[in-house]
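Given as structure tokens, the chain that follows is alone and in the form predicted on its own.
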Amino acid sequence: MNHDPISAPDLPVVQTHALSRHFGNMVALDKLNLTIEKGDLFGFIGSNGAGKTTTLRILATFLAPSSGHATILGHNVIKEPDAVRHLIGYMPDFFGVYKDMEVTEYLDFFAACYRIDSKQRESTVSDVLELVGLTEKKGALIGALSRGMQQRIGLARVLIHDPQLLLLDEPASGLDPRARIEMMAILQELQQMGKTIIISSHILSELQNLCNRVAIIEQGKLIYSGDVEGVAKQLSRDRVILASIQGDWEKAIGYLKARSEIADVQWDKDRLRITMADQQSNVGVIAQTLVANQIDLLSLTEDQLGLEEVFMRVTKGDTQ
């Protein structure tokens, strides 16, 4: 099923240039420059009021920018809204469902809105229900479904016309842990199918494992945009290695501290926390030193900043 307007495959899926939005004297979005490529699962991170929803609403053609511009696969969101709407699927943080309708009736209605042929709609509805794992609920009333299932029905609705870009505003909001895990697994499957996904969320630990790229926004201004590992490395003040050993840990600390490549060693939660002298220091000296002194090395891993710690470091907690 393909209802998308023609678009050049080598264009970025999303491109914004100096995108701004004012509400009276309040600046909700301040000269935002973003580039999102095909196949990205892009995490959009910020506190409440940072500008995430404003950005998604502009990309979804529901809100006009005050200045700047945005394109979806080369189509201007203001000048070509109909073309853009066929390319995107937008799921707001709070959306209404027709609780007295059966699941298939609800999805068939939206398929008709996208002018999908009546002969094709039944198979299309079955396909999206299988994709979100709710085939067995096709005859159920939407009002009888759990919050998590209703969220998945909402996702099925935005997939009904096979969009290339998904704009998901807090899709796991209000879900229990199991429902959140199920939702994230569906998003990973959609990425593997070639969909480009922008997901805003405050559950940063999930975005760290889910997304390949992220943007951090505060008070409408972009603070960082790039790959998840890149932001952690950029903000890491020290290179820290975690080593699990078997042997006398006090002696191990002494041996390691004697090396010029190592700045400090601490015993932390049943393992050695080793701070290298600089980012370029050879980590191999850890294993060499321990083995040479008859101390068994069980594991050696590099400690990475978590996305939550990154967020706390680069933002000030200011809101509009």
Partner chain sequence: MRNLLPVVERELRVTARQKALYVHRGLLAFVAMGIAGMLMFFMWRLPPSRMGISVFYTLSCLAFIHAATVGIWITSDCISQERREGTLGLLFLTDLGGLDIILGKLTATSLKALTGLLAIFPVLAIPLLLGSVESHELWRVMLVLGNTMLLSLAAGIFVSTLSHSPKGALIGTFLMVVALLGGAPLLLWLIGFLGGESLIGEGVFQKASLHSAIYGLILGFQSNYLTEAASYWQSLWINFFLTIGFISAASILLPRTWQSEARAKPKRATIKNPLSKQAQSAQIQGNPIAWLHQRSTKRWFNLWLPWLVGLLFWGWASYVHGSLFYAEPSSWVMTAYLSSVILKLMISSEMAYRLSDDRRSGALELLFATSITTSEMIQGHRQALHGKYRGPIILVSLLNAGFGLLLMLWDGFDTKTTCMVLAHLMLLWLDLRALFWFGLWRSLKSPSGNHANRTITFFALTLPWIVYVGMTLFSFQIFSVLFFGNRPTLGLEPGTIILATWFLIQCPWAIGLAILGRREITSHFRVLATSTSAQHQSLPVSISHQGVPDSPTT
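Model, not experiment: these values are computed from the prediction. Positions refer to the first chain, counted from 1.
What follows is about the form predicted in complex with the partner chain, which we do not show.
S.K.: From the candidate stretches 118-126, 176-184, 210-218, 245-253, select the single one in contact with the partner chain in the model of the complex, where contact means a heavy atom within 4.5 Å.
M.R.: Correct option: 118-126.
S.K.: In the model of the complex, does each residue in the set V228, V283 and E302 place a non-hydrogen atom within 4.5 angstroms of the partner chain?
M.R.: Negative, none of the three is within 4.5 Å.
S.K.: Work out which of V77, L73, I199, L165 lies within 4.5 Å of the partner chain in the model of the complex, going by heavy atoms.
M.R.: By the 4.5 Å criterion, the partner-contacting residue is V77.
S.K.: By the heavy atom within 4.5 Å rule, which residue out of K195, K137, R157, R239 makes contact with the partner chain in the model of the complex?
M.R.: Contact check passes for R157.
S.K.: Would you classify P92 as touching the partner chain in the model of the complex, given a 4.5 Å non-hydrogen atom cut-off?
M.R.: Yes.
S.K.: Although the partner isn't part of this model, could you tell me whether T289 comes within 4.5 Å of the partner chain in the model of the complex, counting any heavy atom of the residue?
M.R.: Contact check for T289: no, nothing within 4.5 Å of the partner chain in the model of the complex.
S.K.: Contact with the partner chain in the model of the complex for F110, defined as at least one heavy atom pair within 4.5 Å: yes or no?
M.R.: So F110 counts as contacting the partner chain.
S.K.: Is the gap between S47 and the partner chain in the model of the complex 4.5 Å or less for some heavy atom pair?
M.R.: Heavy-atom contact with the partner chain at 4.5 Å: absent for S47.
S.K.: Pull the contact list for 37-56: residues with a heavy atom within 4.5 Å of the partner chain in the model of the complex, in sequence order.
M.R.: Residues within 4.5 Å: T53, T54.
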